[in-house]
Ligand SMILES: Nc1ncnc2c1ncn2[C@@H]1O[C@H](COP(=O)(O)OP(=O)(O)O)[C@@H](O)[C@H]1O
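Below you'll find only one chain, the form predicted on its own, shown as structure tokens.
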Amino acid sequence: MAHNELILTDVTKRFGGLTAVDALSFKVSAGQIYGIIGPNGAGKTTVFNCITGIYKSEQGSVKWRGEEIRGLTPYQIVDRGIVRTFQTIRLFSQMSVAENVMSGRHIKSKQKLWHGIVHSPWSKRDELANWHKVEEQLDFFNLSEFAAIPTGSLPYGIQRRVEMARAMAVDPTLLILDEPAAGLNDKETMELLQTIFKIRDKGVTVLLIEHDMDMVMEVTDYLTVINFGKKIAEGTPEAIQKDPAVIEAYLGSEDDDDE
């Protein structure tokens, strides 16, 4: 049986008088594709920000492989194998695709500042090893033909793949995807679905937020549903689709329609 790698317990995040995440708990097992869904404004991205160190929750616990990571900085959390993409693409538009992917390797590089002045044989080997990793990701995400092209000149769907390639270049154990299908057409979404399966097959656990419900139900093993920062349901995709609380959160109740 797969062990729980990521455990959130009673995580609460407030912004002034607004409680964005309210005593949220869930567990992600190794090798799962785990989804967090909910209506707009439900607090989903805030949950990801609490996991990745962008925010520190006021209460609760975030444990990764038994270690409390609540309060760690983002780079310390990346160093533990937790890497994310963002809802809005954040790439270096003037840099090439290969350079953007290479930027994800900086935390893995063992070079120091002075290696930029004195190129020792050891530093050259380290740089070469990092470029090999970049080539692997370009091939994995079918980006090799775009390697030398400035990223900002490429279509949105390709930029999404570049962002995921950069994240995977870090060799993550947990990949967190914030609305990876946003802005993609149907063909690109189907390709993304297959890519997520391939990432899982490489031994990487995936945690994602997504509004494309068809994709969510197809790709995830387990789901947590939140609304107004609270968990309202969890279970397999099949169970979630039939849950009355989930249906009401997305579609509204008959009482709401009558008002």
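Residues carry their position along the shown sequence, with the first being 1. Keep in mind it's a predicted model, so treat the numbers as computed, not measured.
Note that the form predicted together with this ligand isn't included here; everything after this is about it.
J.: So which of Ala239, Ala23, Leu18, Ala245 reaches within 4.5 angstroms of this ligand in the predicted complex, heavy atom to heavy atom?
T.: After the contact test, the surviving option is Leu18.
J.: Residues in which of 43 to 51, 200 to 208, 27 to 35, 63 to 71 have heavy atoms within 4.5 Å of this ligand in the predicted complex?
T.: Selected stretch: 43 to 51.
J.: Each of Pro39, Tyr55 and Gln87 within 4.5 Å of this ligand in the predicted complex, by any heavy atom, yes or no?
T.: Checking in the predicted complex: Pro39, Tyr55 and Gln87 are all within 4.5 Å of this ligand.
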